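Take a look at this single chain, the form predicted on its own, given in structure tokens.
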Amino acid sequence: MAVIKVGIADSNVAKAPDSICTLGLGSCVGVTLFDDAKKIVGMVHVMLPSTELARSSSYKKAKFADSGVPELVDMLVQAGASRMRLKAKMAGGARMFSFEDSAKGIGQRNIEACKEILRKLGIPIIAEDTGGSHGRTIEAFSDTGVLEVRTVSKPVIRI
């Protein structure tokens, strides 16, 4: 079994028995999409809610919720997943700085953007561990679809 790493503003896909993980989710959101029948899981590490925030016309799609999540869906379908069977889990979107307004902080905006794009794509969110004020590391397991959320000084959450 291999652990496939997903960097910041990156995405990737894993097939059973491999897992996929990303480190350092602060205000970023990790979205995982899973096809239970094919045992395929994908992950995107979203930094910002919208491509409207891009500083140039050439940007990494995975960096933004509105381009990264649809790109991940395409990657999963190319790997053999069924768009109709995809289910989502997500974690992250913390308010990492005390001066951030919790209603308007980048973490909350990332959470809302990811939920909205998943809604538009017709992909149900079946579990999440979002918000708060702590960073997370997540690992998704392709054989079960379980998402492990690790936080310093807290027990591991399995969703």
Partner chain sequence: MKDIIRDMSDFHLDVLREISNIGAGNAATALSQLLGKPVNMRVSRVIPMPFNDVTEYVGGAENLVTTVFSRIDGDITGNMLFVMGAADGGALVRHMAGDNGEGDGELSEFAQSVLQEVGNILSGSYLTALSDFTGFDLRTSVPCLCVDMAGAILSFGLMETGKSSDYAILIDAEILPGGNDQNGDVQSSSGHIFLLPDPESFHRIFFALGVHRYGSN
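Positions refer to the first chain, counted from 1. Since this is a predicted model, take the numbers as computed values, not measurements.
Beyond the structure shown, there is the form predicted in complex with its partner chain, which is absent from this document and is the topic of what follows.
Participant: So its partner chain isn't shown here. In the model of the complex, which residue out of Ile106, Ile123, Ala113, Ala127 has a non-hydrogen atom within 4.5 Å of it?
Facilitator: It is Ile106.
Participant: Does its partner chain come within 4.5 Å of a heavy atom in each of Lys39, Ala81 and Ile157 in the model of the complex?
Facilitator: No.
Participant: Pick the stretch from 30 to 38, 113 to 121, 66 to 74, 43 to 51 whose residues have a heavy atom within 4.5 Å of its partner chain in the model of the complex.
Facilitator: Single hit among the candidates: 43 to 51.
Participant: Though only this chain appears here, would Thr137 touch its partner chain in the model of the complex if you measure heavy atom gaps against 4.5 Å?
Facilitator: Because a heavy atom of Thr137 falls inside 4.5 Å of its partner chain in the model of the complex, the answer is yes.
Participant: With a cut-off of 4.5 Å between heavy atoms, is Pro17 one of the residues that contacts its partner chain in the model of the complex?
Facilitator: No, Pro17 is distant from the partner.
Participant: How about Ala2: is it within 4.5 Å of its partner chain in the model of the complex, going by heavy atoms?
Facilitator: The answer is no: Ala2 has no heavy atom within 4.5 Å of its partner chain.
Participant: Is Gly131 near its partner chain? Define near as a heavy atom within 4.5 Å, in the model of the complex.
Facilitator: Contact check for Gly131: no, nothing within 4.5 Å of its partner chain in the model of the complex.
Participant: Does anything in 1 to 20 come within 4.5 Å of its partner chain in the model of the complex by heavy atoms, and if so which residues, in order?
Facilitator: In sequence order, Gly7, Ile8 come within 4.5 Å of the partner.
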